[in-house]
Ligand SMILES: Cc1cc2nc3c(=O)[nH]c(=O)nc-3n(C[C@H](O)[C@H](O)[C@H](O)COP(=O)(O)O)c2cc1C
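Next up is one chain by itself, shown in structure tokens, the form predicted on its own.
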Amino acid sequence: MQQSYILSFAEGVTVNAPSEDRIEIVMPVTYKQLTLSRLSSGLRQIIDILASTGATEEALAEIVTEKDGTDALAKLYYHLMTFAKHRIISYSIIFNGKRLATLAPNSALFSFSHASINPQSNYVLSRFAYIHMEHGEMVMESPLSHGKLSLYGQEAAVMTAELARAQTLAALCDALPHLSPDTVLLFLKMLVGAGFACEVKDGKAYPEESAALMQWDFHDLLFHARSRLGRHANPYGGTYRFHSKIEPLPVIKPAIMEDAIPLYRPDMDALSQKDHPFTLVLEERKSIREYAREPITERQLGEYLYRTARVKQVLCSEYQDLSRRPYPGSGAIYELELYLTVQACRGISSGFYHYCPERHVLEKISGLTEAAMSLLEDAKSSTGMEETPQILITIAARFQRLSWKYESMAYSLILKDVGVLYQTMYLVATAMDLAPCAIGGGDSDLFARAAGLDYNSETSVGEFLIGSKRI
């Protein structure tokens, strides 16, 4: 007899029976409820089995036939289809009485299918599949899959490892003598059907050699899939998961140094009357990689930082303090910090500084150390400039300031905040006739070393150059 999958309710599904003729099935994450009434004794037993040990579809059919007769089979399959539609059924493979693997829904688009396996074809693990630990279990996921696969025991791990190289079903069975051929076949069908493995055609992993997928890096597609809704069932959005567990980071980063350099504060009312028209600023905005002979001045730098990043107002809220600044910030949390590597600025000595947006001052961390000079050299190389940048503004993030509130999407919000800050910095620089240039990437380890920061707590997520403009 050919081996079959064991059906059971997915992890997190709860079953309540408030009355004799009513059963409520509560779904995980969404907590939506599926209510069933007037169930036969056979179907009630099926619900109990799915909520506990699980059973094959054939075994479930036998139970219903024995309890309710063959006419009840239609209702059984209707309910199984309903459970599958609501994505509350998981599918397991049992070998020698032990669970080998369980495939569970991971998104609203999950649909179980076990692929047809061609004995002549080679199969290989998807380059997008990855394994990680979750709640003490080894779990396989992929941004191409709408399911999550839990792996149990060394047999599952060994079979997964064997598929790191392309091979046929027969070769896979030979490599796994401790598993029955039926078990290997069933597992391979599950992997391929769920999108964790794929067939090799003409020496290429199909469909991963499509023009679209070939141009996705593993980490980019994973980041895209996990930071947006649709391909995971993880908690998402402003969940405040650390409320009452960990104190939130303060809205203003505590002062780094006692001595600080006060910066020029422009008259914003006067500026609003004489500034360049907004449309002109938008049209003239561009990256400029050449500077005037005279460097940017302290007055210009003070006005620039005041107009782009100062704290305009601190707001108290129930969970964490917030603020208002010139650029938009996710949830008004403002996790970004500005660090300036000053090579040339009239009125401010060369060195490495932190900008305090509330006091509008520069706190000097160090002179131009080897690490700080390397930041400047990296910026010069990245932009193809011939001269050393006058000022490099490194944008860092206090990550836990956002992740204290947001789940699944925190880092993606940080990158969006960097983007809107970039635009604000460009527009202000254009209005002030300065030379701005954003940089596409940088060395976060190098920055953490220069600033003396813990990489996991605060480090760079963006870089921006500012200097005097050639007229």
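Model, not experiment: these values are computed from the prediction. Note that residue numbering begins at 1 and tracks the sequence as displayed.
Omitted from view is the form predicted in complex with the ligand, to which the following refers.
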Which of 85-93, 116-124, 154-162, 281-289 lines the interface with the ligand in the predicted complex (heavy atom within 4.5 Å): 281-289
Please tell me which of 49, 431, 438, 59 lies within 4.5 Å of the ligand in the predicted complex, judged by heavy atoms. 438
Just to confirm, with a 4.5 Å cut-off on non-hydrogen atoms, which of 180, 323, 400, 382 contacts the ligand in the predicted complex? 382
Taking any heavy atom pair closer than or equal to 4.5 Å as contact, tell me whether residue 411 reaches the ligand in the predicted complex. no
Taking any heavy atom pair closer than or equal to 4.5 Å as contact, tell me whether residue 426 reaches the ligand in the predicted complex. yes
Just give me the residues of 340-371, first to last, that have a heavy atom within 4.5 Å of the ligand in the predicted complex. none
